[in-house]
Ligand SMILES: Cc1cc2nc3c(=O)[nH]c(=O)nc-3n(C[C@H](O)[C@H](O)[C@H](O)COP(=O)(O)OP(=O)(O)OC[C@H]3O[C@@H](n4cnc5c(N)ncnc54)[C@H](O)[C@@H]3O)c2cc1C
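One chain comes next, on its own, written out as structure tokens in the form predicted on its own.
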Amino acid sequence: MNVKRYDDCVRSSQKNQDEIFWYQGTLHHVFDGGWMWVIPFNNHQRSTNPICSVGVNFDSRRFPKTNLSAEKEFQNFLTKFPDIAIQFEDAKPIRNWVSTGRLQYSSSSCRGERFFLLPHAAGFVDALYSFGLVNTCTIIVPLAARIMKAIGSNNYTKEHFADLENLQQKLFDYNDNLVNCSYIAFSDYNLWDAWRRIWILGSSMRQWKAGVQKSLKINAGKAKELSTLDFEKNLDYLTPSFEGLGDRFFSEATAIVEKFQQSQLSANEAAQKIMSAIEVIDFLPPNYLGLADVANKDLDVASEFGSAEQKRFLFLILLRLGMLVSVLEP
């Protein structure tokens, strides 16, 4: 309790580009070797819960596990980062402190005789991008269609779900690489600023592939009705993708960050290479989300869709998402 609003803890001579206050959402403090989440439940006028969820994730290669108590470990962390510590000057814990070992786990297989492990049960990398629910929802729709088909054909063999396991592993691998490069990039502001644009671009491309590209293929404005069979057969659009940028775009961006980790590139060189790769993209709306503008530090989807082209792009995405939701409704 009594965790301060970070907006009240920081004084800046520059006007904040963001239209939303930090305390109104989940705040991430990132640092060389890890990150912290601060999730307030008292972040609007009608809030009745004074509690704030706080946690710190360390790269165990940089910060090996110690025998210190969780409370002492947290206090030691704050002494290293006085700009973070000010937020917790008046904070009081309302439950016992908890410290864990490594969080990562994965199953050797997610399918077996008459069972299928959903993503959050099959494996976990890090809470950084909150992929647990996203990946689970991604799998549920085609899995439901596949189960319905299995019921109809009385075919529950593991082979019947092999391609779904392959898709799930691709989601897991993408998250693994995304998080790993994030931890590496945390060590340098410019590199992290560049790498987070890759994350935003990847999320956009996933929607582009699922929504806009299919929507543009609708002939003469005739709506194409989606059925569970579409989801059962067509899994490609669910795969993590940088559609239009070539299959190697993400792997090459990942390799740039790893070269920095291996001291083959400086942080600035790596950041410039990533930004250069983004700048040459020619099929997105002009200055899409400001991704190619290094001066733009606030990459806010809600405030960036200003042009007619950008609004159309957003409309098509929302249209597609609406189609997905309609399939799940009774």
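Counting begins at 1, following the sequence as shown. The model shown is predicted, which means the values in this text are computed figures rather than measured ones.
Just so it is clear, the following notes concern the form predicted together with this ligand, a form of the same protein that is not shown.
Screening 80-88, 164-172, 185-193, 116-124 for residues having heavy atoms within 4.5 Å of this ligand in the model of the complex returns a single hit, 116-124. Residue contact check for residue 133: one or more of its heavy atoms lie within 4.5 Å of this ligand in the model of the complex.
Proximity of residue 58 to this ligand in the model of the complex falls outside the 4.5 Å heavy atom cutoff. Using a 4.5 angstroms limit between non-hydrogen atoms, residue 31 is distant from this ligand in the model of the complex.
Interface membership of residue 288, defined by any non-hydrogen atom within 4.5 Å of this ligand in the model of the complex, is ruled out. Although this ligand is not shown here, in the model of the complex the stretch 36-55 places heavy atoms of just one residue, 37, within 4.5 Å of it.
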